[in-house]
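Listed next as structure tokens is one chain, alone, in the form predicted on its own.
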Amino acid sequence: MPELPEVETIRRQIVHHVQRQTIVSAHVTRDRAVRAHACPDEFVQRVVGRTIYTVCRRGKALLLPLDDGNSLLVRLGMSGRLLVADPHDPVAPHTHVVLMLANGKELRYVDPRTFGQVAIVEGHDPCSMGELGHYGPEPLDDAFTPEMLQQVLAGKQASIQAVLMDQRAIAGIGKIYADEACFLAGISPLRSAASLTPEEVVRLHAAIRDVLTRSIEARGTSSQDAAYRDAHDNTGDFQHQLYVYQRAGLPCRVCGMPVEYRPFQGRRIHFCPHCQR
């Protein structure tokens, strides 16, 4: 699933192509991609003729404020991506929404599994939106301090992994970066959030910011199925820097012991039993 670094990568890649551009036409090939609307025609009518101010990110979602006071919300779900293309470029399979822009570019929404969606929502402020208003702090914002992380974790008996992946607690972190942040901090993801000492909270805070920043610099993580591709249809590079995620049974890059996993919410937690306590 695209997480904060992957979505931020796409935001940075598309913003210069779409900001201040008017949507001159729209085409929907699968109703489910715009399921927040009564029908595809309703979505098309509301988006055509609108000018995109810019591209913002909130957690794992993209928000494109429009000139009528509404916004275009894009959720990438498990396998979604946005592509900037020329009209003559081959259309990728599972392209469900195409927006033609006044500059001649197309913004294409591709989603094989269709867990994501595109929708017109009211307003420009994500904090006032029912879809995004419940999100927790952005982990790369200056306001996200060790003290704030301590408040997020305080009193929670759920595992550290569960809290890190809870968008109401911290926005944008999913499976990949929860695994990696816990490893870098030397903390077992199976521990309860409330069990962390102040020193461990400081380490975890630094690890979260470090792994997210480095992944953005590497254009995100394309894991084993290579489902994530950026706005130019290229894979990310951060998978080459991963310590534990999807490395179960392989030697830990630090101590050499096999990386282990535990079932977690239908997926797996990856960790090193020697390096993480």
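In this text, residue numbers run from 1 along the sequence as written. Not measured: the values here are computed from a predicted model. We call the rigid core whatever largest set of C-alpha positions still superposes within 1.5 Å between the two forms.
The following text describes the form predicted together with the DNA, which does not appear among the structures shown.
- Contact check for Gln157: a non-hydrogen atom falls within 4.5 Å of the DNA in the model of the complex.
- Taking the partner from elsewhere, Glu131 is found to have a heavy atom lying within 4.5 Å of the DNA in the model of the complex.
- Although the partner is absent from this view, Phe144 stays clear of the DNA in the model of the complex, with no non-hydrogen atom inside 4.5 angstroms.
- Among residues of the shown chain, Met165 is one whose heavy atoms approach the DNA to within 4.5 Å in the model of the complex.
- Shown without its partner, this chain lists Met78, Ala92, Val121, Ala206 as candidates; in the model of the complex, only Met78 has a non-hydrogen atom within 4.5 angstroms of the DNA.
- Interface residue among Arg32, His232, His27, Arg46, judged by heavy atoms within 4.5 Å of the DNA in the model of the complex: Arg32.
- Residues with any non-hydrogen atom within 4.5 angstroms of the DNA in the model of the complex fall in just one of 166-174, 100-108, 196-204, 121-129: 166-174.
- Although the DNA is not shown here, in the model of the complex the stretch 103-128 places heavy atoms of Pro112, Arg113, Thr114, Phe115 within 4.5 Å of it, in sequence order.
- Relative to the superposed rigid core, Arg267 undergoes a CA displacement of at least 2 Å between this form and the one not shown.
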